[in-house]
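Below, in structure tokens: the form predicted on its own, a single chain.
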Amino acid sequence: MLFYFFSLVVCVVCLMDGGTFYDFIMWFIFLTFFAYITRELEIWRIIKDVERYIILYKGMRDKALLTTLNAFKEVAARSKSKLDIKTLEDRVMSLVESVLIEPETMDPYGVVSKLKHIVVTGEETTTREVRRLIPSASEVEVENLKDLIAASRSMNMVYKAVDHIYRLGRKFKSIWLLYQLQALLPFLTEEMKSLESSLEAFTNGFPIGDSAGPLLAAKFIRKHATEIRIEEPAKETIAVEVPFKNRRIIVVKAKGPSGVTGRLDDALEELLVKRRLPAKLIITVDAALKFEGEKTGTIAQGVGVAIGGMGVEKFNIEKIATELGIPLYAILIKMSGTDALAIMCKEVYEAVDKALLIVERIIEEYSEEGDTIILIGVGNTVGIYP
């Protein structure tokens, strides 16, 4: 609208300067054609820019699928299991294309428990599918293969979503739709690079940046435990009682070294509600995304529950702590999204040792002798023992 107003002004000035009506029409046609061409060229430029990203994302997605298939073949070869390649490809692609349908929120009451039920069902279904393909695979191998499938699924979803919006923008020549997609591409690229960096770690069973919480928990156990007695209060989740400064520390983490995050809320419910442990503090330690200007390995303290994901475990832990009146303290080890899913770097490893000292200080200052404290190492425990 502003452009056409400007064009009209130019034409009026042309007439006032002695130009003919023919000059007026020619100027108007020229300016209108110029505006149209400029818009078409801008759409073409954005389309070409988005296409480059789509090619990049497709290559990353295909690499993830190939890595996942090769991992299945390697596990099958180690366990001397026979695999039909065509069946394997079809099953893996089916798992990658599978979706989790969130529960209805029209009536929000009980939505968290419904969401958890759906998430648990999805995890158990994936486990059964992997077991069906390689019956003799170990528990660690199954969980690492599940992590590879999850990474491939996320990368596939990003690729398909970007391709969908690109096709709509190109089909209707919607410059505003393409502008919005172009603005999101740097953030989506970071996410794709983060997922791509996790492939090597899950294939080889190496700790990743997100393993900082479980690593701190394991270090605390090894540093202070006189005798390590492991129990499993919830599926894929362990608890170890450790003495420290005349206090009773219950360390909770996912069961390593497989690539799982455990069921921390179920473990806490078992310990605090069913067994009625008189806990005075709950301390959670987890990886957190840093700001662009922050250094990897920066440590932040806070109150609340340091845990990511869909919010189910966070909600349940907060609910238990609130009902029992237990203070919640958190330690965050900051890193980029790529560092969180890539093989653990030196900065994160060194930050874990510093965070361990902070945890010990919090226990000493915020509790008294004879108290029971829950220390939770949050995150994927791939490559971390116990």
Partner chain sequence: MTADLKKKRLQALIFYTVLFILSVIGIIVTTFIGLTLNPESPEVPNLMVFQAMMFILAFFTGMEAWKYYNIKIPEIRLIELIKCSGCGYVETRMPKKGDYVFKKVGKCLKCGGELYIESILREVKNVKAGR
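Keep in mind the model is a prediction, meaning the values are calculated, not measured. Positions refer to the first chain, counted from 1.
Omitted here: the form predicted together with its partner chain. The next part is about that form.
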| query | finding |
| --- | --- |
| Listed range touching its partner chain, judged in the model of the complex by heavy atoms within 4.5 Å, from 35-43, 355-363, 323-331, 337-345 | 337-345 |
| Pro257, heavy atom within 4.5 angstroms of its partner chain in the model of the complex | yes |
| 4.5 Å heavy atom contact, Glu74 and its partner chain in the model of the complex | yes |
| Arg222: touches its partner chain in the model of the complex, heavy atom cutoff 4.5 angstroms | yes |
| 4.5 Å heavy atom contact, Gly262 and its partner chain in the model of the complex | no |
| Listed residue (Ser98, Thr298, Thr203, Ser79) with a non-hydrogen atom within 4.5 angstroms of its partner chain in the model of the complex | Thr203 |
| Stretch 43-57: residues contacting its partner chain in the model of the complex, 4.5 Å heavy atom cut-off | Asp49, Arg52, Tyr53 |
